[in-house]
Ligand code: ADP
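Here's a solo chain for you in structure tokens, the form predicted alone.
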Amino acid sequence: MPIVLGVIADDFTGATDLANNLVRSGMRCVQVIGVPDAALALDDVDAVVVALKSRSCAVERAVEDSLAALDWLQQQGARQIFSKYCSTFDSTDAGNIGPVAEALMDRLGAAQTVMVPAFPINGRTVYQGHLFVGDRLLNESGMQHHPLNPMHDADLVRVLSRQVTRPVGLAPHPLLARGGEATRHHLEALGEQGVGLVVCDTLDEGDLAAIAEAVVDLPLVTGGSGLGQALPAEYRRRGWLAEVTDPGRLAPSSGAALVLSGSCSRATLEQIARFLEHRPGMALDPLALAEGETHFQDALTFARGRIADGGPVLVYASADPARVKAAQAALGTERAGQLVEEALGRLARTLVEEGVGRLVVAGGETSGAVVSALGLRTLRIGEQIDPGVPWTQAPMPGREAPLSLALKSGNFGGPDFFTRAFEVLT
């Protein structure tokens, strides 16, 4: 049976974030890592999320990978395509959000699409085209210090206009408050004026519902995971979805517990501090990693010893902005990031081979490195830990029990996330 929704996500945590909302809204969902080959079987699945690592790479590579994912999803018969990016819209003036959206529009023959990054339940809202994180504008929220894509402008119409060739418009909140039909008519009117990309104000779940009603027939939608919780209701009204009981059921978990963190967001730094009040942890230093193998081996020895003592253990490269900038100044931004990602990926691979069966990873780039190091290809989406973060499971060759894996976007989760995640899994 053809899938209803095909998603192209620009990082691994964003992929699980959206997949989580689809499952919670009643869709059976599988996340695949990279563009699958033709042999992948899709049984009892309503949605497939293709997780790419295209947020911070070169624009040309992001477009190429996204188009390859689109081709595969069209072969699976997807009714609608969803281009997923972060709810903080982090990108440079060159892209990659806008160029990928336009490339997908061209391939699909789509005259118009919407940009809906908001996720109100996680404090990401848009008003008059300006993106807020909680009660702060995006460029005052800490995102101005993002190590790869610092955001210095909260006006998404302006940000997007610097990335694309088509005119950019706005669907303002007073219009959305009038409902889905009024929103659809507004989009059509903008389309007649040649506006190809429309940023949508979004303050609450009602706005998401209005947008979903208005765009359900568009070949392409784009945004954060908030829109993913509203679209399934529209699919169901059209008879595209069957009622499913417990679409997020996973197998029982087993094995040692490990947390790996590379995110430098404020939320993750608070989560690390809370974890270290009661549990063991070790910080990775990019400068020490650059000097040779000793620092990595120290981290591996530390993790092995604490895992043997029972309970989760944390290894983290997360640091405050000043320390991150110092490492980047000494090593170069790309080199510093590569050292950390490689080390965390190696730790994951080694420790999972030695028996870790429950793994939490914080940070989009870190999650990509870990998933790649483990060679994972598919993730079944399970129960939510916090908004936007579910447990997932992946089969492991030679092991009876699957690996339980949580991929957390840096900004997501409550202060006690790293300990409560394992309680939820239990």
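From 1 onward, residues are counted along the sequence shown. This structure is a prediction, so every number in the text was calculated from the model and none was measured.
Heads up, the form predicted together with ligand ADP isn't pictured, but that's what we're talking about next.
Note on contacts: among Leu187, Leu258, Val168, Val340, the single residue with a heavy atom within 4.5 Å of ligand ADP in the model of the complex is Val340.
Just one of Ala319, Leu241, Leu347, Leu203 comes within 4.5 Å of ligand ADP in the model of the complex, counting any heavy atom, and that one is Ala319. Taking non-hydrogen atoms only, Gly98 never approaches ligand ADP to within 4.5 angstroms in the model of the complex.
Under a 4.5 angstroms non-hydrogen atom cutoff, ligand ADP in the model of the complex has Thr366 among its neighbouring residues.
In the model of the complex, at least one heavy atom of Gly410 sits within 4.5 Å of ligand ADP. Heavy atoms of Pro286 reach within 4.5 Å of ligand ADP in the model of the complex, making it an interface residue. Heavy atoms within 4.5 Å of ligand ADP in the model of the complex are found in one stretch of 67 to 75, 296 to 304, 147 to 155, 319 to 327, which is 319 to 327. With contact defined as any non-hydrogen atom lying within 4.5 angstroms of ligand ADP in the model of the complex, the contacting residues in 248 to 264 are Gly262, Ser263, Cys264, given in sequence order.
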